[in-house]
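The data below hold one chain only, encoded as structure tokens and taken in the form predicted on its own.
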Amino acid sequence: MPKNNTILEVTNLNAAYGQSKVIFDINLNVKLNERVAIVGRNGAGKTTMLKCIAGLLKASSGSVIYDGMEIMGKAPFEVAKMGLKYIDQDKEVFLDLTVRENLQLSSYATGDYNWDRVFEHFPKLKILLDRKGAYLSGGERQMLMIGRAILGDPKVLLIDEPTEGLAPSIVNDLVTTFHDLSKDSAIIIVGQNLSFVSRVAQRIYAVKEGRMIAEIRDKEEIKEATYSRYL
């Protein structure tokens, strides 16, 4: 059991693209089954932060402790195999493969061939099993990406801009889905849709120009989205 139920702890994380520094001494933590959001304007460094945590970008310095272990410097596939999954904002699925084949690839990677949990969260995917990724809507691709990610029972899901380009009805469905997913996994979402964030997050970090400027815990402040003053 992780110390104080903290499943993820990021300390003094710094990252740069070449000579251009992007994030500065970022500190954050997430507890088991907690729903946390990171908010900020475009270019604030939110995606860079998630990619550094997932091992997709190399941080300049800092520490990322996941489930009691230092994962800084590990390859992305190692991090994912340990149960920390990153879901990209670009909704990239294998376009030439069917939903079934997309799920099979994730099953092969994780050794988890039980798709019942995927269909429990996303029953529509069961109907779309033989449809190719190229013919899925944005919402259906988002379902498939999350469905692939939850195979292997991850303890943390890092989800970048999950509502981008989606219809309001799909966004409403995702609110329920994320509450349900957090029964098994901690969730960190990066989002600019404050209405969505306020309905999902239990705690919010506000980022500005690569620096963490506020941590919002007050339920009323989250519900009313008054944290928007930090953006």
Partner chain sequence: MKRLFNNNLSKILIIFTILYLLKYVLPQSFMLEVIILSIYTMGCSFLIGRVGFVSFGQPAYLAIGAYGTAFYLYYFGTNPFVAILVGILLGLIINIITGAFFIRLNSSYYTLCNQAFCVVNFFIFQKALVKYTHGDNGLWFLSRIDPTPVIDLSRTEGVFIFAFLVAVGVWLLFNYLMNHSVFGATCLCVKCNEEKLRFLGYNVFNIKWLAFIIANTITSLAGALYSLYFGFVSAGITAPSKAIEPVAISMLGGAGTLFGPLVGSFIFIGLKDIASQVISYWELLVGLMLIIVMLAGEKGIVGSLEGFLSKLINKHGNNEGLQATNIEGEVGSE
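Numbering follows the first chain given and starts at 1. None of the values given here were measured: they were computed from a predicted structure.
Note that the form predicted in complex with its partner chain isn't included here; everything after this is about it.
- Although the partner is absent here, Ala80 lies within 4.5 Å of its partner chain in the model of the complex, judged by heavy atoms.
- In the model of the complex, none of the heavy atoms of Gln142 sits within 4.5 Å of a heavy atom of its partner chain.
- Interface residue remark: Asp160 is not counted as part of the site for its partner chain in the model of the complex, having no heavy atom within 4.5 Å.
- For the chain shown alone, Phe119 is not a contact residue for its partner chain in the model of the complex, no non-hydrogen atom being within 4.5 angstroms.
- Using a 4.5 angstroms heavy atom cutoff to its partner chain in the model of the complex, none of Gln192, Arg211 and Tyr230 count as contacting.
- Annotation for 45-61: interface residues with its partner chain in the model of the complex are Lys51, Leu56 [heavy atom within 4.5 Å].
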